[in-house]
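In the form predicted alone, a lone chain appears below as structure tokens.
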Amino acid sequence: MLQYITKRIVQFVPVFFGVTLALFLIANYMPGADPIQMRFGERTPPPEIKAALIKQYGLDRPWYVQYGKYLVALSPVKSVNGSLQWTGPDLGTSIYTGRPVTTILAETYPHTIRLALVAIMIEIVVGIGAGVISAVKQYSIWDVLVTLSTSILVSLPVFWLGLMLQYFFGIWLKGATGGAFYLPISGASSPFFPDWVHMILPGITLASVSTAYAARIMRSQLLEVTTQDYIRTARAKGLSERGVLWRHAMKNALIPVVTFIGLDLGAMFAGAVLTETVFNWPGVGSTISRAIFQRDFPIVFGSVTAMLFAVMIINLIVDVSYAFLDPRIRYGGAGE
């Protein structure tokens, strides 16, 4: 197991360099407004101030020099007064606000993680549960309902679903009940609702498409597993259908579902740009969206780097979890 984990961590190195290098190339050759000018809006900054800011952020240097400085700044251990000290990674300073990127991420990432955990819980409970019911009750009314609802969900644009939820549960329901009952449609907190209430609509929106896919994968995998010889053997031994399902079929059927949910969790931790933007959720997704329009490259670089590490770590956890779901899977052995 340790050998496999080490190998996977080594494989992260080219992925990291590939993603960050592509990001720098795109940022430097992408047409658009001057990031320094974006900081001043419609005002024209004095030439000496603009030149000083360009030099401060290294925008006057070639992209490969900027990339090298970025990699050096990412190192958590730096030389201070001739000795190596732990200083933590430096993600730079926002061009638009002048604030450290690490501070901005420390404020926004907790909101993204909260929303992602709510969405992934919905995906696990509803998606896997609906898939199991649909497979066990094949061709029943429950199977038809699950198949129909998942087909509708996967075809709906996420931003449109978010807008519809905002209208029905935030505007229409408020008017229909005379303001007695409705759900907040924007932000992560307010004096009128507990913070967890603000996560209901964006959490459902973020989980909607993924839950539908998880249900369909769970259904198809469970139906396939229940036709295997070892399942027929378990039934021939007199094991109850519930015992066959939970003790034998579920573990093997869950492997593709765990893969999908793990990748989805990594994507959610990377920031749900559309969902966070629609609901004005103060997470890293909406922060990246604003930074792209403002050409605030330090925030884009820092956010993508943090997202990249989150996705790689979650992928590693998912890969290791396979051994617990299926005892036949072993890492690092002679038969690997």
Partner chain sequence: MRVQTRKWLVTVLVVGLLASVAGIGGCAPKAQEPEAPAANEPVKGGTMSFYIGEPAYIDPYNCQETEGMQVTQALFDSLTNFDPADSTKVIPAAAESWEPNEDATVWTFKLNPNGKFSDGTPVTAADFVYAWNRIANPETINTATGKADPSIISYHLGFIAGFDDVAAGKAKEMSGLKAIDDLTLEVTLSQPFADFEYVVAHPSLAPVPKALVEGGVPTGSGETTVAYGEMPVGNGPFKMAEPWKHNQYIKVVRNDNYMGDAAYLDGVEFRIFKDPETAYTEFEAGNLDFTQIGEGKINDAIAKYGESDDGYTVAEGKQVLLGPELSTYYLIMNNEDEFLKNKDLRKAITLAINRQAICDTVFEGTREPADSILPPGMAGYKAGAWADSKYDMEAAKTALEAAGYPGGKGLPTLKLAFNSGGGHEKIMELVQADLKAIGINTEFESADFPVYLKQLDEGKHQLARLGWVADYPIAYNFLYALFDSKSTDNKALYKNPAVDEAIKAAEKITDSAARAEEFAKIDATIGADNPVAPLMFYKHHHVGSARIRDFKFNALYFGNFEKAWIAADGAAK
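Only the largest set of C-alpha atoms that superpose within 1.5 Å between the two forms is called the rigid core. Residue numbers count along the first chain shown, from 1. This one's a predicted model, so the numbers in the text were calculated from it and none came from an experiment.
Keep in mind that the form predicted together with the partner chain is missing from the display, and what follows is about it.
The partner is absent here; in the predicted bound form, the one residue of 230, 142, 167, 246 having a heavy atom within 4.5 Å of the partner chain is 167. Residue 291 falls outside the set of residues with a heavy atom inside 4.5 Å of the partner chain in the predicted bound form. Using a 4.5 Å cutoff between non-hydrogen atoms, residue 241 does not count as a contact of the partner chain in the predicted bound form. Although the partner is absent here, residue 221 sits far enough away that none of its heavy atoms falls within 4.5 Å of the partner chain in the predicted bound form.
Of the heavy atoms in residue 26, none are within 4.5 Å of the partner chain in the predicted bound form. Judged by heavy atoms within 4.5 Å of the partner chain in the predicted bound form, the contact stretch among the candidates 232-240, 125-133, 255-263, 108-116 is 108-116. Shown here without the partner chain, the chain has 39, 40, 41, 42, 43, 44, 48, 49, 52, 53 in 39-54 lying with a heavy atom within 4.5 Å of that partner in the predicted bound form.
In a rigid-core overlay of the protein, residue 57 has its C-alpha displaced by under 2 Å between the shown form and the other one. The two forms, fitted on the rigid core, differ between the shown form and the other one by 2 Å or more at the CA of residue 44.
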